[in-house]
Structure formats: C-alpha cells, structure tokens
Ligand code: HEM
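Just one chain is shown here, as structure tokens, and it is the form predicted on its own.
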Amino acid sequence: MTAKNRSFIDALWDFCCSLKLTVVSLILLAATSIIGTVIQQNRDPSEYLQLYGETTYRIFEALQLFDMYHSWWFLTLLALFALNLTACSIKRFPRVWRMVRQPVLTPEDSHYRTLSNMEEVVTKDSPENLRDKLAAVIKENFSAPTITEKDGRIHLYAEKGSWSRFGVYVTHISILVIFLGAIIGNVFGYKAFVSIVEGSEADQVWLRGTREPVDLGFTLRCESFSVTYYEGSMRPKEFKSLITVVENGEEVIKDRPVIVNDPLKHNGIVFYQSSYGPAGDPFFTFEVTERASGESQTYRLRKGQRQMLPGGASFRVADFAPSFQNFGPAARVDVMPTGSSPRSFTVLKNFPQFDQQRGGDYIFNFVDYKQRQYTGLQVAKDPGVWVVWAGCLLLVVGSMVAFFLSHRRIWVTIRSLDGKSGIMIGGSAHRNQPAFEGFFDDFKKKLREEVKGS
C-alpha cells in the first residue's frame, strides 16, 4: 500500500514537473486568450443576443466565454501553469544551489575531459612556485582563485557571475507575481462606467456587463463639458470634462480637466473620458423683430415649445441641426399667424441677416442655443496593478540576467610529474559559449607565457 501510494505520488510529481504540461498549458492559455480577444468581454446581454442569436448566446454563456478571464476553467489553466512552474523550479533549484554554494574545488581528471575548453601544459618549475604565479595570473585576468591542496595536487578554482544562474528563477517568480496581481485585480477590483450630465453629480458607477451599482465613497460633479471639431466638419477633435471631486462635503479636487489619455485618479480609482452625447432638448435664444413697428424682443425656449408673439401670432422650433449643409447651426421655425395657415422656414445662426430676405411680418435672428451634454466615463479600479508592475520589473531583470549574463568557471590543477609539473586548465560557461571560448583562448596564452617565463 505504501509503495503504491509512493508510486502514485512520484507519478503526480513527474506530471507536475513535465515539459509536456508546460507546452500544453501555454498553448491552451494562448488559444483561450485569442478567444477572449475576438469575443468582446462583459458586454450587455442584449448586444450578445443581437450579434450571435439566442442559441449561440446560451452556448457561449454556459461556457463563460463572455467573462472568460473570471471563468473557472481559465483560472484552472492559470493555476495549472503556476503549479507546473513552481514544481519545475523546486525540482531544479537544489542542484543549482549546490553548484553555486558547493562548487567542485578538487576536480578529477575525468572532470577535465568533460569540458570543451581544456588545455594541458608541462613545465620544469615546481608545483609550489607555480601555485603563486598562476594564482596571480588568474586573479589579474579573471578573479581571485580558491586554492586547495589534496592528494599531492594543488587546485585553483575561480568563478564569475555565479548568481546569474538564479536569473531563471527570478523570471519564474515574476510570472507568479504577475498572476497574483491579476488575481488581486479580478477579485478586489472592477471595471465600470458612469454618465454624468453637465451640472449634476454621481456617487455610484455601474459594473460592465451586470449593470450593478457600486458606491464610490465620494461624489463626482461634472461642472461643464466642451467639444471642439476639426475645421469644416463635425468630426470631434477633442472633448473635455471639468470634474470636481467632493469627499465628506469638501471639494478635494476642483475643476480637473479629463480628456482622452489624461484620466482622473482618486482613491485608487481611475476615470477615463470615453464618450459624450446630448442630454435632453436644447434651449434656443431668438431675437424676433416685428417688421411693421421695428420693435425687437428676445425669447428663450425649448424645442417644440410654443411662444406667443406681438399681434397674436406664435412660433416654435420644430427641428434643429448643429450643422446644416456646412452652414453651421440651423433651426426650422414654425410660425402660426392669426387667421392664416402656419409657415415653416429655416433660420441660420451664422447668417443673422438671412431671414430679412424672406419677407413676412416677423424677422427671426437665431442668436444662440445651449445643449446640455452628458460625459461618459469608463471607471477602473485595480488594486493589483502595482503588484503586476513589480512582477514586470522582476521579469525584465530576471530575463536580462538569464539571457545576457553567464556563470563562468576556471579550474587549474598542478601535479608532480617525474620531476616536472603537469598543469591542467579547464573552463566552462553556462551561457554564451562562443564568447567564453574566445576569452579562454586568450587566458590560456597568458598562462603559457607565465609558465614559459618561469
């Protein structure tokens, strides 16, 4: 029973450490991430029904494809990949730790035969004299060596960049830290939206996809909203909201401009300018002159609102266009004179003398209009963002150490050989072997020169 249990545990451990599991989990994560990009996430159900139809919608909803990154199966994939990464690191770390902390100080001849960079030299000088001379050469051209004597042999060992072997583990830890930050953001953060009409306030936002309200803990007030257009068109060039943040009855942020790519941040919540639109009917200001008497009077009214004129007639704004055939703002006015049928005509704001040519009892001058706007803000709260950034920093550092730095080692063994001294020189590097080979060739030449001189 114990052997069977141990055998199962060993098999499970090998499965967690296997390269196949790494490859499969990475492929599945990449494939599902593509699905999450193609299918827009956390939209309103009505949008999905209109786009996919009821049958497909129900299938996708059952598979949690509309909120994929919170689904149980995607989190399971992340957990499986994290488990695989952790198991591989645990399995390989003790060997690397021993290699760094307990290097081979007294290598046998068989050790030198395993090295691709190796040289043998014979000299008449004694091992004791060679020891100090070669130690000085190694220190000058590489690093200070460790000198060990064993079984009549003198061993010199020097290394550089031993800590670079841990770069891969820093990279592994960084990935786990990024996962942790993403989980913190998903659990304790949210993405929402809010629409605020000019001059009004909001202290709640609505979660994307669910439309559930979330209390902000403070109040946003939209002081004003403005939009500028490219010349000669109605294509928006810039739209801007002036936002005031009120907390505990005090204005902690006053008239903060919020534009695209310049969000407002407060209490860990970020507000992005994303949309805008008209809110309610506009107010129009008209100056009406009675042609017979020349008397003028100013009127302010809403669209569709009937306004009485001197002499018993009345008028109303039946329609409005902010840009009428590139002539600018225009209003269609209905005049209802007493005792005759109504008349309709267009008044242009940018051409105040235009209506004088029409004739009639009244001359209309379109002075101004005021359309209240609402500003649409995307809201994001992600308390794990700094954890993710820390993981990204670790990822960069770990990758640079793992790919651009190398653990380089040099061994030199001196032994007595029939009245002479035999010298074995070996070196290795776990990264960038061609560069180390060039260095080792130069190093061997300097050792030969020292030995020849002695």
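The first residue of the shown sequence is 1; numbering continues from there. Keep in mind the model is a prediction, meaning the values are calculated, not measured.
What follows is about the form predicted together with this ligand, which we do not show.
Enquirer: Can any non-hydrogen atom of Arg131 be found within 4.5 angstroms of this ligand in the predicted bound form?
Expert: Answer no; every heavy atom of Arg131 is more than 4.5 Å from this ligand in the predicted bound form.
Enquirer: Can you tell me whether Leu19 touches this ligand? I mean in the predicted bound form, with a 4.5 angstroms heavy atom cut-off.
Expert: Contact with this ligand, yes.
Enquirer: Can you tell me if Leu85 lies within 4.5 angstroms of this ligand in the predicted bound form, counting non-hydrogen atoms only?
Expert: Within the cut-off, so yes.
Enquirer: Is it the case that Ala402, even though its partner is missing from this view, gets within 4.5 Å of this ligand in the predicted bound form, heavy atoms only?
Expert: Because a heavy atom of Ala402 falls inside 4.5 Å of this ligand in the predicted bound form, the answer is yes.
Enquirer: Residues in which of 420 to 428, 402 to 410, 52 to 60, 383 to 391 have heavy atoms within 4.5 Å of this ligand in the predicted bound form?
Expert: In short, 402 to 410.
Enquirer: Within 4.5 Å, heavy atoms only, which of Lys349, His266, His172, Arg221 is in contact with this ligand in the predicted bound form?
Expert: So the residue touching this ligand in the predicted bound form, by this definition, is His172.
Enquirer: Would you kindly say which of Tyr374, Phe81, Tyr190, Phe286 lies with a heavy atom within 4.5 Å of this ligand in the predicted bound form?
Expert: Contact check passes for Phe81.
Enquirer: Let me test this: is every residue among Leu26, Arg92 and Val168 within 4.5 Å of this ligand in the predicted bound form, going by heavy atom positions?
Expert: Heavy-atom distance to this ligand in the predicted bound form: all three under 4.5 Å.
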